[in-house]
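Read the single chain below, which is given as structure tokens and is the form predicted alone.
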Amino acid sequence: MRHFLKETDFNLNEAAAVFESAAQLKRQRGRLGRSTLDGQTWGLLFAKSSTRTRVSFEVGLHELGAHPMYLDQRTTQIGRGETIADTARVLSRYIHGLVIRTYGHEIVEEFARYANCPVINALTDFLHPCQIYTDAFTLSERWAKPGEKLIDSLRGKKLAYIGDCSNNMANSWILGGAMFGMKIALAGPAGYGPGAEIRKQLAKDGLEDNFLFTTDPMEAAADADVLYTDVWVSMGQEGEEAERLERFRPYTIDSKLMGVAKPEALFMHCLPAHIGMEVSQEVYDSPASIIFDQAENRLHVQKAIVSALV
């Protein structure tokens, strides 16, 4: 049984095929793929609130021919103490696939261990692989030359990640960037750098630990092809808000920071954004910003991921 829990659950050739499939699904939306999941029902088990993830998966599964069923973890028996193993075994008797948005990464791993259907990681505190595949695809749409495979256009490009470099988005860019052959530079306050877990994952997957972490955002952004950021206070970190806002204040992506990147550098954010915190209004609204292309492409790339699994 194939699952998609982390970026490297597809090898590079499989990831390349996902990109090409997403491009085709995007071009022929409404005319391609409707029979892929014909007659199937897929569950969306969410412990965290969501806009883009929920809507893009519900619409995408519908467009592939499936019935999406939203399952709020707080109102199911798992929220009252039923084990993950039992929940996975039971749901596997009813549904054909399971999309999970939750906290600990071990939760999706345990679901995958006991489920008899594909499990997709729609976000954990450790990784956000659907977002990274989408973001990389969005960049490849702009960078690929005629006749070039989309994924090949990523090799050698530099992405600067500015902000909380210990979170799931930073981890996923480290892992995905290593897989795609990109250069990943990260900048954040001391104590908010990549942790041991992502380094262990790189080693486990046979990928080089070749990213750069610095406390100087100018150093990370220098000559970058794209600047990327995320919120400074993620779900579950509300108690740290005051301290985080103070520590991260020097890490706003503004015109000055964009100015040390390449002239044609792009700005990305997985949304929702807090204007004036992690990004200035000027950059957010600038021609360099491709945030809504990212948001749209969640739909197409996730359809391609689901199609690859089934």
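Please read all numbers here as calculations on a predicted model, not as lab measurements. Numbering starts at 1 and runs along the sequence shown.
This next part talks about the form predicted in complex with norvaline, which is not shown.
The listed set 215, 210, 234, 76 contains one residue whose heavy atoms approach norvaline in the predicted complex to within 4.5 Å, identified as 234.
Out of the listed residues 275, 32, 271, 69, 271 is the one that sits within 4.5 Å of norvaline in the predicted complex by at least one heavy atom.
Put simply, residue 140 is far from norvaline in the predicted complex: not one heavy atom of it is within 4.5 Å. Mapping the unseen interface onto this chain, residue 123 counts among the residues with a heavy atom inside 4.5 Å of norvaline in the predicted complex. At the 4.5 Å threshold, heavy atoms of residue 167 reach norvaline in the predicted complex. Note that among 263 to 271, 60 to 68, 24 to 32, 247 to 255, the stretch whose heavy atoms approach norvaline to within 4.5 Å in the predicted complex is 263 to 271.
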